[in-house]
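Form predicted alone, single chain, as structure tokens, below.
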Amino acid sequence: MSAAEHRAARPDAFPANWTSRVAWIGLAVYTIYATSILDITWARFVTGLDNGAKFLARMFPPNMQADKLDLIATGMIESMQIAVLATFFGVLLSLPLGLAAARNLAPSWLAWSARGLIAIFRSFHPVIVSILFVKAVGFGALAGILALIVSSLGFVSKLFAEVVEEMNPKQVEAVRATGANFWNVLVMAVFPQVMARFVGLTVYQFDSNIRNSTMVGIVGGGGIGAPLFTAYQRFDYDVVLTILIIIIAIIMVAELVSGRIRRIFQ
């Protein structure tokens, strides 16, 4: 066999993936098209940098007046209360919903019904859900708590169901072979395998609820979001910076605490 015939007969080590190439070309073309119709220009970007620099300059120094700090402290305490209550009730409801959505434990009709409900919970941003609850129950912390409970259900239930589906089925089968009922199977075979991951999901959701409690407050869901939005409207950018610094500090502390809790349960 000649060298040319040998090269022709030898399979290509890196075959061309034309489907992937066409997809990347299509994405590049669409990106250019979307950029053109959305009025995204370099001039606007440069102007935005200048406006942003002026905005940041007006933020400094942060406002540390006693009356402002008292107002901010009240809002942050309410935001923390919203996050704690929303996480507690959201996780409490996510446990049975996640078990119902696990296809290796629940019958198919129940699992798919639960997954459909979870998909509904995940379809809307917490701010949108908060607007709906503000219309239903009025302004205040209750609307924010209910909105974050819905958000927690959508996130924790989905991931918990996936954790249950990934567990080792041999332990479940061994407990079932003893004639144990469904509750005993959960206690003896399911929970020991998944509770560490469930605790991790809970802690992560608490972090998320702390951040989201700020956003739901902007639309009337209570917490620090209302003072933050009011400060923006009044052009009190030094107060805005103070609120942002406190939010960042609280989230960093919560991240450290949550990391310690996750290591304990690993």
Partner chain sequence: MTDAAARAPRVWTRFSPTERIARSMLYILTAAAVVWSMKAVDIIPEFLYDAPEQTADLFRRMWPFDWSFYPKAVHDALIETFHIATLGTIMAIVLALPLSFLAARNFTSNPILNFIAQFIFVSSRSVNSLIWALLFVAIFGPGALSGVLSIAFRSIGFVGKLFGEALEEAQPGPIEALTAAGAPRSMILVKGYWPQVEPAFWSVALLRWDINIRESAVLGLVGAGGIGVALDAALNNLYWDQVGLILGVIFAVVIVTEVVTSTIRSRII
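Positions refer to the first chain, counted from 1. Only a predicted model underlies this, so the values are computations on that prediction, with no experimental measurement involved.
A second form of this protein, the form predicted together with the partner chain, is not displayed here; the remarks below concern that form.
The partner chain is not shown here, but in the model of the complex it comes within 4.5 Å of a heavy atom of Ser123. Using a 4.5 Å cutoff between non-hydrogen atoms, Arg58 does not count as a contact of the partner chain in the model of the complex. Of the heavy atoms in Asn212, some are within 4.5 Å of the partner chain in the model of the complex. Put simply, Trp18 is far from the partner chain in the model of the complex: not one heavy atom of it is within 4.5 Å. Along 226-244, a non-hydrogen atom within 4.5 Å of the partner chain in the model of the complex is carried by Leu228, Phe229, Tyr232, Tyr237, Leu244, in order along the sequence.
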